[in-house]
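Quick setup: the structure tokens below cover two forms of a single protein chain, split into structure 1 and structure 2.
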Structure 1
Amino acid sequence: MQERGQWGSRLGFILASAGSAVGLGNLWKFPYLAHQNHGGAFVLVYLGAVLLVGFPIMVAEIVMGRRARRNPVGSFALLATGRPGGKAWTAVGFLGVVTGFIILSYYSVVAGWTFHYIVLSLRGELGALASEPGALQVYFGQIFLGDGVQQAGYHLAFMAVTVGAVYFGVKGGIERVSLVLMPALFAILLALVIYAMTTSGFRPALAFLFRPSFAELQPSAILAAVGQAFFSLSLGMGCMLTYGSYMKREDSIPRSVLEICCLDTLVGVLACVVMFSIVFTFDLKVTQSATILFTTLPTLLVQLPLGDLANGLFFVLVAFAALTSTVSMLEVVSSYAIDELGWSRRRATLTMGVAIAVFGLLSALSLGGVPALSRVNLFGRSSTAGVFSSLDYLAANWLLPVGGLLIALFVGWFLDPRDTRDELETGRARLGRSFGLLRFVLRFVSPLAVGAILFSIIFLGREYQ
């Protein structure tokens, strides 16, 4: 096996991992859920879910990665040796690699839209479309999505940028990109927050977000908070496991995971401040669809002072958030080929990147470019018709929660506690009783919480997309 790459610095690992977690969901899904579930109380429940679900499972993934120093498949193969189930656990590693492959194939389609909107902003065309009532919605839904050439082209362009970042390795590619993109992402987000402060909806937004009203909190909101905490942190597909395999021995896993969770949550909260300020300024109805980023928000931003500049900054922000996520997904798939197949990084990145890009054309063209692909219905549900929606439904509702559940069960019940404790105590003082608490949460609380997500999907008909 080739010499394994390693992060050049602890900061590089933190920013790369936070970048993997921060994605499009932070910018639209979290604000949507917070708005639908009455703000402040939901946010507090979400923070609790991050501590009891997200934090322990991320710790579990990184412990596995650093202990084995391999990709998801290799990590399970090595760590499951002599454990109950033995080689059967390797299938969980394969599940992670396949999940990363599938999600990246359609995620890059949406990510590619950001390139188009940045171009429109630079040309001044986005402001013109957004200024005419209904024009941008018609353009996006009937013209842009239905243009197969544009959909394929921007998808392939975003995949090319992703491949370029992973091609140069952990330190020279992924870490270098993260050290630039993540500070830039926070700078743009803070600029938008400052911009939001000039709107009439800023004060109502803060009151809505930070003044909890538990009387309005419904049981369904608790389940939604647990689901968002899990999905927001890029868990269940081996991204954190793979990044953990490049982590230095002297770096503390618990401290690093806490910082990653805080950064991811901070992006979501700041996005809420921006979104809610706009919502309350224009009395906007918030929808669940991610297309709100590409239709409603530009139409509203252009009505504010310096609206064209705000639109341009916003889509650069979305592009950065998407790229830091796509890079981590491609690394999961590439690391499998490097470790298990013995391929060079260049061969693995190019081959897997091209394979994902080609497979992703099915999703890109299913949005209207090829009507036959838009009618594909793999699950017999009207809401999941089309290749794009079908793959999104499969990944979000089955592959990710099953993967996260099995990782928690493996580390909590099957991995030698001495191995887990050794990894957690490396780089810091002894954990003492906190190790027992963490292990209890990982063995019982986290699996039950993720199990509740699966229960809601199977028996309550809930969909996470």
Structure 2
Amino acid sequence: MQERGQWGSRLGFILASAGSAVGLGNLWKFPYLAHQNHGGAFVLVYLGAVLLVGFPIMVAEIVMGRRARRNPVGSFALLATGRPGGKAWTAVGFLGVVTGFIILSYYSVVAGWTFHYIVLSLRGELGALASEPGALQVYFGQIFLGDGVQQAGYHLAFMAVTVGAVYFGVKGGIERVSLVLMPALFAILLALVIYAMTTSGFRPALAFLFRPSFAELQPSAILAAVGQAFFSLSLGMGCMLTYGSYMKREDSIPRSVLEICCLDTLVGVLACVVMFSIVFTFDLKVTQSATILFTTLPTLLVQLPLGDLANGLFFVLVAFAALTSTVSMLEVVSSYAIDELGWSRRRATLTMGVAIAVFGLLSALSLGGVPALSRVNLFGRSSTAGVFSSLDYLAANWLLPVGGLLIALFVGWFLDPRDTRDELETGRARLGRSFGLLRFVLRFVSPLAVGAILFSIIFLGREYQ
């Protein structure tokens, strides 16, 4: 086996993992799901999911990765040897690699939109669209999404940049990119929050987000919140497992996981605060929740002196946030090819990158460019029309939770608790009783929570939307 990469520092690991977690999931998806699911109660269920499901499963993934020092398939193969189920567990690792392939294929379509917005700002056109009420929504929904050539082009461009970053490896590419981009992202977001606080929509936004009304909470919103916790924290497909496999022995896992979870949740909630402040200030009629990031913020930023510049800068940062996430997905798929198929890093990133980019064209063209692809509906729900939405629903609401459930079961029930404890207590951490608590949550609480939701949908025929 070739020599494996390693993070240069603990900060490098934290920022790369937070970089993976913080992305379009926080800035684009979380606000749009919160909008679609009526705010308050959804946000509360989400926070519960992060605590009871996200945190323990992230610990489990990183424990596995650092113990085995392999990709998801190799880690399961190594750690499951001689345990109940034996090598069959490698299927869970493989499911993760496939899930990474699928998510990256459509994620980079949305990431590509940020490139378009940067181009629009450079040309000075975004300001004009954003200052005329409703114009940006019409432009985005009816013109840009339906333009197959542009959708495909920006998607391919984003994939090319992703391949470029992964190509240079763990320390030289991924870590270096994250160390610069993540702090910049936090600074900009903070500035936006301060700005949002001065708007009249700030208070209604807080009420919308933090005053739960459980009467409006649909069962489908619970599944969406749990799925979103997995998606946003990059869990359930072995991404954190893979990043954990490059982590140094002396760094503490529980502390790192706590920091990553807090950062990720904070960014998602703050993004909502900013976006809903704008929605309420300008009384925007959001007809398509799914494009809220691309239609609300420009409306506010354009009001600033140098509005075009502010908009351009903002979308540069969204692009960076997306890039640190796409890089982590490609890393999962590539590390599988490197470890298990014996490919060189160059060959792995290029071949997998091209395969994912080509598959992603189906999603890119399903937004209006090719009507036949818009009609594909794998689940027959109104919200899953088109290849893009079908794949997102499949991956985020099913593949990630199922993968996460199996990871929790594996670490909770089959991994030797002494090994788990040993991994968790490196780096001077002494867990004491909290180890028992964590293990209990991993064995019972997380699997039951995720399992019960999936079960109720499959077997009790609950009507979801």
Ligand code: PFF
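Residue 1 is the first residue of structure 1, and the numbers go on in sequence order from there. All values derive from a computational prediction rather than experimental measurement. What we label the rigid core is the largest C-alpha set whose atoms superpose within 1.5 Å from one form to the other.
### Task
Report the structure number, 1 or 2, for the form predicted together with ligand PFF.
Pick structure 2; the other is not the form predicted together with ligand PFF.
### Query
Would the C-alpha of residue 401 be classed as shifted by 2 Å or more between the two structures after rigid-core alignment?
It does not reach a 2 Å shift.
#### Entry: Residue shift check between the two structures, rigid core fit, residue 213 Cα at least 2 Å
Yes, the C-alpha position differs by at least 2 Å between the two structures.
### Message
How about residue 49 - superposed on the rigid core, does its CA move between the two structures by 2 Å or more?
### Response
Yes; residue 49 is a residue whose C-alpha shifts (by 2 Å or more) between the two structures when the cores are overlaid.
### Query
After superposition on the rigid core, what is the displacement of the C-alpha atom of residue 201 between the two structures, in Å?
On core superposition, this C-alpha lies 2.8 Å from its counterpart.
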